[in-house]
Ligand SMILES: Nc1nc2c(c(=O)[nH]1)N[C@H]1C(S)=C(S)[C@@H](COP(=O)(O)O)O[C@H]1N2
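Next up: just one chain, as structure tokens, the form predicted on its own.
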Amino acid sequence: MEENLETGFNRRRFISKTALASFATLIGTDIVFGHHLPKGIVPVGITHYDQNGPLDGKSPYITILNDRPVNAETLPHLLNDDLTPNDLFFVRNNGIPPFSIDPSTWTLTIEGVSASSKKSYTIADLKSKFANHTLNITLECGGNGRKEFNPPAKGNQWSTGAVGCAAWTGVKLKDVLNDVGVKNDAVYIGYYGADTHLSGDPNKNSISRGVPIAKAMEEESMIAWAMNGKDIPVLNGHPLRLVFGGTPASCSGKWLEKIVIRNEVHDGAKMGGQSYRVPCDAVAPGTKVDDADMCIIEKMPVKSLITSPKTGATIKTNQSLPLKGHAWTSSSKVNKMEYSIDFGKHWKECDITEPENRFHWQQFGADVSFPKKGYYEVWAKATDSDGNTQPIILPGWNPKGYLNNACHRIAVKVV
């Protein structure tokens, strides 16, 4: 059904009764509960996803947003696995990955004004000197869902697929930092990778972000060399990268060569201006915000994704629909998962698994029944352990289109 639902409708405009009726005519059935559709929301059945590829080491079904730098996302129905396969894990790069990589000679150096010493480690050193751990950690681009903002926000027009959860193997960052020594005045850590700036200028960094020292010292913060039991794909940071759950994935530096321990907020590339920042106070859509009024994103919001069935599913009357998906948060865990078939008027609870560790996305499921023939949307809503709940519609607008955690929706037709 998905191909047949592609139309010339403008996804961002308000849907009038006439437009809604036209859509119903197009798909040949009633839009059940259409009178509950909130103002400003367009039926998800109108949307259409393109597919293209391939990328080196990636599935041909991954969707490429651009190739300089390489950025690619994954369609929701391909993210159904508990652990995202390496070839389906999204790619968010800011520069050009290194061409020559020799893990046997790769070195990580840790230094800085708030480091008690300066030390360097090979990957073999990290593996032998510190306890090795494997944790299931979800990474999500801060701009995931950007294409839904109106007015449009600048940047890669991510849909819902700039997210994935993998089993990362490595060492705890805090163990390495403690080996180097962290002074009492430490505030932030920053990273530097081996990727090249798009200009080719060796004196420019494509990205150099970081996290507060408290985040660096969390039990789940890692320096990783393996992903799902294999070498990390080159496009995802081979041979060494940082992994921080619950923050924008841009904090999880790839092709990791250096970490600096600082007594102030790190000021590397993509830390200033409006990069990975949102207005400190709410603003009206389209507002121009001064850099001084933008605050760093240090936590990602609660979110969920329906991975089965694929949007556009068609089922028969009296047939239940097995619903599956994932939910994740920067809090301890997701406590409640719900779904709606009447555009958010009523909600029913789903079953949800417990995470194996913090930042492991949780699986939810339900058998969904529909009262009669027609067009429906299934909406998913997560609530986390801190009481944060996904909004039904887009959250607060911001100039760069970050932190969209509106309920995920799929289209279903009952015949």
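Don't overthink the numbering: it's just position in the shown sequence, from 1. Because the structure is predicted, anything quoted here is derived from the model rather than measured.
Beyond what is shown, the protein has a form predicted in complex with the ligand; the following relates to that form.
**Student:** Quick one: is R262 in contact with the ligand in the predicted bound form, heavy atoms, 4.5 Å cut-off?
**Tutor:** Looking in the predicted bound form, residue contacts with the ligand do not include R262, since no heavy atom lies within 4.5 Å.
**Student:** Using 4.5 Å between non-hydrogen atoms, is F90 touching the ligand in the predicted bound form?
**Tutor:** Looking in the predicted bound form, residue contacts with the ligand include F90, since a heavy atom lies within 4.5 Å.
**Student:** Taking the shortest heavy atom distance, is W255 within 4.5 Å of the ligand in the predicted bound form?
**Tutor:** It does: once the ligand is placed as it appears in the predicted bound form, W255 has a heavy atom within 4.5 Å of it.
**Student:** Is Y276 one of the residues lying within 4.5 Å of the ligand in the predicted bound form, judged by heavy atom distances?
**Tutor:** Contact check for Y276: yes, within 4.5 Å of the ligand in the predicted bound form.
**Student:** Thinking of Y191, N236 and A249 as the candidate spot, does the ligand come within 4.5 Å of a heavy atom on all of them in the predicted bound form?
**Tutor:** Affirmative, all three are within 4.5 Å.
**Student:** Only one of these stretches, 128-136, 93-101, 75-83, 324-332, has heavy atoms within 4.5 Å of the ligand in the predicted bound form; which one is it?
**Tutor:** This holds for exactly one stretch, 93-101.
**Student:** Under a 4.5 angstroms heavy atom criterion, identify the one residue in K147, K172, R241, K215 near the ligand in the predicted bound form.
**Tutor:** Flagged contact: R241.
**Student:** Scan I207, L305, A166, A224 and let me know which has any heavy atom within 4.5 Å of the ligand in the predicted bound form.
**Tutor:** By the 4.5 Å heavy-atom cutoff, the listed residue in contact is I207.
**Student:** Which of the residues spanning 157-176 lie within 4.5 Å of the ligand in the predicted bound form, based on heavy atoms?
**Tutor:** Going through 157-176 in order - heavy atoms within 4.5 Å of the ligand in the predicted bound form - there are no hits.
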